[in-house]
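Coming up is one lone chain in structure tokens, specifically the form predicted alone.
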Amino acid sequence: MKIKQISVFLENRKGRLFDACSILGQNGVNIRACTIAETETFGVLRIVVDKAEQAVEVLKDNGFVANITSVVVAEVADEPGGLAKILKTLSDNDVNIEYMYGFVEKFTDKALMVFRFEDTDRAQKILQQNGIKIINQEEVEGL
């Protein structure tokens, strides 16, 4: 139950993030979660959206470098220590997290964490074996 995440390379200059988000909005693509990592000259915008293929297509059509990668979205109790419980499970099973970011799902009392793992299939299996709910692509699209 991996989901599709879009990575967009952005020059580090005024208005470039606005341009990317504006193009998505004009094309009816809704951003569910996002994070941006930057260096001196460029940034990488990582987003989870409701229409991944369409988002990449419109971004590329407008001169952006964008691609889709697989990530796992896990449901986390939105309470003190909720994230730590999942991280302990991953640590106990020697799973390396490359990066993560989160968002709050508005229909329940849960938070959702987006994980990129070194070994996504193994990490997903461990999370499921430990009773941690994994969100699928259809659920993300329906948020």
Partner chain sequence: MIWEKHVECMDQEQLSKLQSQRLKELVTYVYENNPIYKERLDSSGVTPDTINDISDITKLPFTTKMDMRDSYPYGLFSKPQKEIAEIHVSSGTTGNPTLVGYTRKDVALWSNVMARALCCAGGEPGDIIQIAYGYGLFTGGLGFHYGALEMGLTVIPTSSGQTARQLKIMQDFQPRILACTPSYALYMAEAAKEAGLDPRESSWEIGIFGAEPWSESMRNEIEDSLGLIATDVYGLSEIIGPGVSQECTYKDGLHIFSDVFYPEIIDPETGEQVEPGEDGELVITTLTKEGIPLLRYRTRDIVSVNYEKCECGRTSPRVSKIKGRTDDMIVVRGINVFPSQIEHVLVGMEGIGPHYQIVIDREKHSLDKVDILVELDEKRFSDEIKQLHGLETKIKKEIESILSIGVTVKLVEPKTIERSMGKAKRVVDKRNA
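Residue numbers count along the first chain shown, from 1. The model shown is predicted, which means the values in this text are computed figures rather than measured ones.
From this point on, the text means the form predicted together with its partner chain, which you will not see here.
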{"item": "Option from 72-80, 23-31, 38-46, 87-95 whose residues, in the predicted bound form, bring a heavy atom within 4.5 Å of its partner chain", "value": "38-46"}
{"item": "Contact label in the predicted bound form: residue 110 to its partner chain, heavy atom within 4.5 Å", "value": "no"}
{"item": "Residue 104, heavy atom within 4.5 angstroms of its partner chain in the predicted bound form", "value": "no"}
{"item": "Proximity of residue 3 to its partner chain in the predicted bound form, heavy atoms at 4.5 Å", "value": "no"}
{"item": "Residue 11: touches its partner chain in the predicted bound form, heavy atom cutoff 4.5 angstroms", "value": "yes"}
{"item": "Among the candidates 66, 58, 100, 52, the residue which, in the predicted bound form, approaches its partner chain to within 4.5 Å (heavy atoms)", "value": "66"}
